[in-house]
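What follows is a pair of forms of the same protein chain, given separately as structure tokens and numbered structure 1 and structure 2.
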Structure 1
Amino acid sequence: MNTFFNSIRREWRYVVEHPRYILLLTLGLVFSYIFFITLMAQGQPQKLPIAIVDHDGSYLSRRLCHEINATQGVDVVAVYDNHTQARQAMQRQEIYAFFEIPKGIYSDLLAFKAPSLALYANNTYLLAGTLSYKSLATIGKLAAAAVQREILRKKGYSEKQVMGIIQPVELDAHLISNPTANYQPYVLTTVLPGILGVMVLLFSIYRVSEERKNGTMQAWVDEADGNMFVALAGKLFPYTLWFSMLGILGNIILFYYCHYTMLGSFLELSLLVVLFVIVQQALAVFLVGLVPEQHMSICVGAIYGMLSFTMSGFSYPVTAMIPFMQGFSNIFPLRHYYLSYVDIALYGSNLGQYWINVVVLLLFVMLGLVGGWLLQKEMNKVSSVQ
């Protein structure tokens, strides 16, 4: 136990003398939280700019413009005379979608000629395109329903008959644990712990390989009575505490300040954060044991760490990837963190449901032990040469 504390003390000296990186990383994390929370403060983009191409210029087309302007999701920023102008505005990204009202829509309508409205949405921007399309399509359908009712009335149907014809089916959607389809929880609950994870991984690689680079491995391990595992534990323990605290603090902000859904136990999620931090450190030790050069190990760590965002499946679901990639996704701790988070927070499940992810995370910790063993072997070789 004493040796463990000696190792901690040794690392503490470093922190006090060189607080630069730990400070920068903490600031970076705080910046990320502030950035993501304020960037998407709206939850769902509101008032997306759209336009109308009005070939008709009639009472009806103008009424349609007013109706569109009154909806929450979109905002009519321009009315154009022709299609080309609208397309160019879209290419300038001034608008995300536009309605094209054909010439003579009003008179066609009066003559029962079933005129057709065209709706163009820009799908290059998936979120903005989908949302503006959805808003406009809803308006279009409502407008069509209003016209339909008007026509039926004029055909001589009674009010009761009219109501009996329109809207025979209604879709009642329940969005589980995110009733407003808020975009923030999708992104933030995984990306922010993911950023923490990459930071812990790279910083741990840096700290451990620094000993090798400076040729101080012997001195470092001597502090722990020649036991590599104790030396590693002592070295990384202060950071485990610090980064776990930051991670839990971050989750407090997400679930209690921003009020994202948390059906399960926050304690379980917090324990998971601690495990996640330990796993990143274990992976760091493994990488350092495997890759002998500091820069290489940091590069490999960076590539692996950045990939974990893609492979966690929070944006593009893993189940939609090709089978090989589905298997590949399992070697990223963030994937297991994300899956457990979904179970805990969105479904209120307990360990019985997501235990398999915890087991995988514990396997990663075993990798850390392998890394420690590799380093111990390397040490022995060095000291025997000396």
Structure 2
Amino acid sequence: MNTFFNSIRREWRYVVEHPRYILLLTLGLVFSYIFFITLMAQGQPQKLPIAIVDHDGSYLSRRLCHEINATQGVDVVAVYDNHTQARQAMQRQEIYAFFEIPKGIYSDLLAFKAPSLALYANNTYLLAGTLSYKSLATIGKLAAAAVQREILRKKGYSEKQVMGIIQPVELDAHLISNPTANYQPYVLTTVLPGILGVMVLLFSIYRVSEERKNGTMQAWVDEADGNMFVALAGKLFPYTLWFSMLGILGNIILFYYCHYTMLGSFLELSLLVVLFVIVQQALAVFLVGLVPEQHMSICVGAIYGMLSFTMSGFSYPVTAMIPFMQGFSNIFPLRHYYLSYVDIALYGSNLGQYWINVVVLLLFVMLGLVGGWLLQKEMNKVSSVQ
């Protein structure tokens, strides 16, 4: 234990002499939380700008425009006379979608014809285009149902018969753990811990590889009586405590200040955060032992960390990927953190349901032992040459 504390004191002296690194990482994480929480404060984008092309100018078309403008998700910023004007406005990025009402729609309805409504959405901006399309498509379906209802009423059908024809099967939808379809709970609860993980990975690579780069590896290990594993543990322990505290504090903000769903044990989720930080540090040690050059090991760590966001499964389902990529996703700790988070927070599960993900994370820790062995072997080789 004395050698362990000697290693901690050595690293603590470095922290005191160079506080800017920890300060910048902490401020970076704080900025990430503030940025994402305020960016998505409404849960999902509201009042997206759209336009209407009204060729009819009738009572029905004006009523339809009014109903569209009353929709929470979109905001009618312009009404154009022709299709070209609306298309050019979309190309200038002034609107995300537009609704085109054909000429004679009201007279066609009175003649029991079937007029068609045209909807154009710009899916270059996936989220804005999709939400605009969804809002306008819903309005279009409701308008068709309203017209059908009036026709059936004129024919003498009762209200119960009308609703049975318009909507023979009523859908009772329940959105589990996210009833308002808020984008924040299922994005931020994984993106922000993922950002923390990348920070821990890259900083740990930097600190361990600095000893090799500066030629102080022998002096560093001598503080631990020649034990590389004790030296690594002492070097990384202060950062384990600090980053774990930041991760737990971040979850307190998400689940208690922002009131995201937490059906399970917050203590289990906190322990999972600590394990996630340790795993990232173990991976850093493995990469430093595997890749001798500091800049190369940092580059590999950065690529690996960025890929974890794509492969974790919260933004694009892993089950929809090709079989090879499904298997490939398991080499990223963020994937197993995400699955465990879902079991704890959204399903209220205990360790018996997500233990396999914890076991996989512990296996990642074993890579740190491999990295320590490689560093010990490298140091012994250098010592024998000297």
Partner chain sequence: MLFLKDIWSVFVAELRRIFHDGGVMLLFFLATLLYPLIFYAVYQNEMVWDLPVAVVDESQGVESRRFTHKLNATPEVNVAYKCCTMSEAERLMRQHDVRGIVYFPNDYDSRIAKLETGRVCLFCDMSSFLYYRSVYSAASAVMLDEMKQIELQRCELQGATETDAEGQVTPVSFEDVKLFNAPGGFASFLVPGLLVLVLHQTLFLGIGVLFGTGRERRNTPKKILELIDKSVVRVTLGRAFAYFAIYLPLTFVNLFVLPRLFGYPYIGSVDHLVLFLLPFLLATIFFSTTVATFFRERDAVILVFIFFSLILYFLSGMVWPQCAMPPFWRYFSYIFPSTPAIQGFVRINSMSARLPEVGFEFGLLWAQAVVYFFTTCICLKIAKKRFKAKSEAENDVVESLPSDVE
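In this text, all values refer to a predicted model and were calculated from it rather than measured experimentally. Rigid core (definition): largest C-alpha set, two forms, superposition within 1.5 Å. Each residue is numbered by where it sits in the sequence of structure 1, with counting from 1.
Chemist: May I ask which of the two structures is the form predicted together with its partner chain?
Modeler: Structure 1 is the matching one, since it is the form predicted together with its partner chain.
Chemist: After fitting the rigid core, is the C-alpha of residue 126 off by 2 Å or more between structure 1 and structure 2?
Modeler: Comparing forms between structure 1 and structure 2, the residue 126 CA shifts at least 2 Å.
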